[in-house]
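Heads up, the chain below is alone and in the form predicted on its own; it's given as structure tokens.
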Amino acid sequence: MNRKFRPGAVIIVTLACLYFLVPLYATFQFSLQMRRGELSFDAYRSVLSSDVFLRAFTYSVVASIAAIIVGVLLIAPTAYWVRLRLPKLRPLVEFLSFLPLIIPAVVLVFGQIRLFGSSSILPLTTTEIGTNTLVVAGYVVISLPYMYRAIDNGMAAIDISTLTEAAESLGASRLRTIATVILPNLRSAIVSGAFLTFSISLGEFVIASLLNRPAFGPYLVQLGEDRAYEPAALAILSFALTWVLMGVMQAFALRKPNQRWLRRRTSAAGKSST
């Protein structure tokens, strides 16, 4: 069956690609002009050889991964329990999950400073570990709408009630059901939420800057004030990293959920009945 050619759709897609690729090409070309009169990768070598860049990038990557882990451990059981046992509370939980889109990050970080400052009962801002904990907590909050929506949509696509009953009939506890049955079926949704969390946290500026942490966002802003070509090189590197993460996300999303535990227990139950 031949599909009808639609020139309007082709024009829209072409314009969208040009709108996206032309500024990217201009940025890439500008990043190669650090050496006057010729094209070179001096800006990239300057960025990648900087100890400050490596420290800032490593800090943001570690903080982003920590935010992903905390977000999954917090949101997945909550979304599961609300869908399974408390469906009437879903509108309230969804409303709460969207609050970070309404409340600015600067309000969040000033609230953290007021609650956990040096004059509070729990002065986290007085230690490096405590401040890093506040940064991770801030990343979890600002990524909450995206992580919750990804996991909740993933749960909507599977029958969690049937999976839970099947797992419990085979002797699994509720915690084991979540860990070995529900989460493997949510792999694609979790990876999507993790990718969004990582992208948001990696370039976040307000929280890390006001808490005085050596993160990638403040480093990029500071570099843009002091240099010309290195920020363009960093923008291209960040774009490349984003596409690599999208490829990894797609690879994980295409893999089938691991349900070996259920199959093994079902097979054992069948053998014992015979």
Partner chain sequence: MTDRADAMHPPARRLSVPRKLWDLLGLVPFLGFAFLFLVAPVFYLVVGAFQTPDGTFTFDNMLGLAAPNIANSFWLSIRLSFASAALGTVAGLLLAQALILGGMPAWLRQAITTFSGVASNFAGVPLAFAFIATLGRLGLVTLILRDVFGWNIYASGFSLFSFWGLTLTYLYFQLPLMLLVITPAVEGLRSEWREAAESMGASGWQYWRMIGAPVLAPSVMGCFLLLFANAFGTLATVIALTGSNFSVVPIVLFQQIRGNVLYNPNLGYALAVGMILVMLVSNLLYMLLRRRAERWQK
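We call the rigid core whatever largest set of C-alpha positions still superposes within 1.5 Å between the two forms. Residue numbers count along the first chain shown, from 1. All values reported here derive from a predicted model rather than from experimental measurement.
Although not depicted, the form predicted in complex with its partner chain is the subject of the following passage.
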Contact label in the predicted bound form: W243 to its partner chain, heavy atom within 4.5 Å: yes
Its partner chain contact in the predicted bound form: Q112, any heavy atom under 4.5 Å: yes
Within 4.5 Å, heavy atoms only: does V13 come near its partner chain in the predicted bound form? yes
With the cut-off set at 4.5 Å between non-hydrogen atoms, does N132 touch its partner chain in the predicted bound form? no
None of F53, Y44, Y59, F205 but one has a heavy atom within 4.5 Å of its partner chain in the predicted bound form; the exception is F205
Go through 82-96 residue by residue and record those having a heavy atom within 4.5 Å of its partner chain in the predicted bound form; state none if no residue qualifies. V82, R85, L86, L89, L92, V93, L96
Relative to the superposed rigid core, does the CA atom of R174 travel 2 Å or more between the shown form and the other one? yes
After a core superposition, would you say F41 shifts its C-alpha by at least 2 Å between the shown form and the other one? no
Taking 2 Å as the cut-off, check whether the CA of E128 shifts that much or more between the shown form and the other one after a rigid core fit. no
